[in-house]
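Here we start with a single chain on its own, the form predicted alone, put down as structure tokens.
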């Protein structure tokens, strides 16, 4: 019997075993910017250029930029909550009505008599409560999100009209107006509030277990359940987050208009869904970014500001918004089809 050739070679001349490739390290501390977000930001810059070309004397003034950001603040906060809901695979059509109900309840004479702190607590509690009701109906009642939130859309708006008597309730608490209409370091408090909600929302979505579970539930509900996630409880909490954002937005709208009315937050659900969709969040759930939502909110706000500065009709503005939404949805379908082909 002959010996194996490798056994007779000197030990020093044997080839070293191949080294395993180093494991890829996860990238941390970076915003998930991609080509699509960069393109979206390019659209925002292009709109700013158009605004400057059409009204060079008014667009880039300090007052106009402050107005744009204050207008974007309330709908931006609502869009943060909507992003959570859509990523989890749901939809919320009641956000505008919850904003109206929270604002009306916080500005009744009885509530104002207890002071500004109670007004704030009342608005947040009403928003959170409405959101949790939506979540319980969807998660435990197994009601389709579209139907559950549509019912809340009608009932919350109707309750707001009932409480206010379809009248505008003027805020008479000077402390409330002094704080929320004031400035901090030269920047309006409303903009600080929007920035704070966005940062907290980004951390919650991208750096916590709650955020990872939200993506998991939206991506594949059955897989999330098998992985040990309490899908029903998490779904209810996600709608609660959206309702709490509506309560914060109600305070911002009340502070900006110095009143609470059942007409506050009208069409906020459409603007929020549009901002989230063009920001890259999939309507089917499981994927999305808050940075994209932020850019989407700014695009719609700047677009409306350009139309206002140039005295253009709102119907043309709505047509432009509709066209942008259709293009965004078509781009989503194209992206998903390309992703399926690559897999």
Partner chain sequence: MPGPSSLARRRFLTGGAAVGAGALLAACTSNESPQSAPQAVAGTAGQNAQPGKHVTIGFSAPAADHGWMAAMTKNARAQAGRFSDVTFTATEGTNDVNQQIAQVETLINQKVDVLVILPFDGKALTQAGQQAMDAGIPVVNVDRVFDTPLAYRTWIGGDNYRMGVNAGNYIAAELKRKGVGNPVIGEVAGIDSLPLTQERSQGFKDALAKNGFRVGPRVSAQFTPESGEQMTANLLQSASRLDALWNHDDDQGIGVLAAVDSARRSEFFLVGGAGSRNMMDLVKADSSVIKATVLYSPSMASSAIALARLLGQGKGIGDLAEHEIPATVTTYSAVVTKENVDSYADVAFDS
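Quick caveat, the model's predicted, so the values are computed rather than measured. Residue numbers count along the first chain shown, from 1.
The next section is about a form of this same protein that is not shown, the form predicted in complex with the partner chain.
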Is residue 105 one of the residues lying within 4.5 Å of the partner chain in the predicted bound form, judged by heavy atom distances? yes
For residue 110, is any heavy atom within 4.5 Å of the partner chain in the predicted bound form, or not? yes
Is residue 253 close to the partner chain in the predicted bound form, meaning a heavy atom pair under 4.5 Å apart or at it? yes
Exercise: residue 51 in contact with the partner chain in the predicted bound form, heavy atom 4.5 Å: no
Exactly one listed stretch (199 to 207, 161 to 169, 238 to 246, 220 to 228) reaches within 4.5 angstroms of the partner chain in the predicted bound form by non-hydrogen atoms, and it is 161 to 169
Would the partner chain in the predicted bound form be within 4.5 angstroms of a non-hydrogen atom of every residue among 133, 266 and 304? yes
Which residue, 193, 216, 273, 122, has a heavy atom that falls within 4.5 Å of the partner chain in the predicted bound form? 122
Which residues, if any, of 39 to 77 lie within 4.5 Å of the partner chain in the predicted bound form when only heavy atoms count? 55, 58, 61, 63, 64, 67, 70, 71
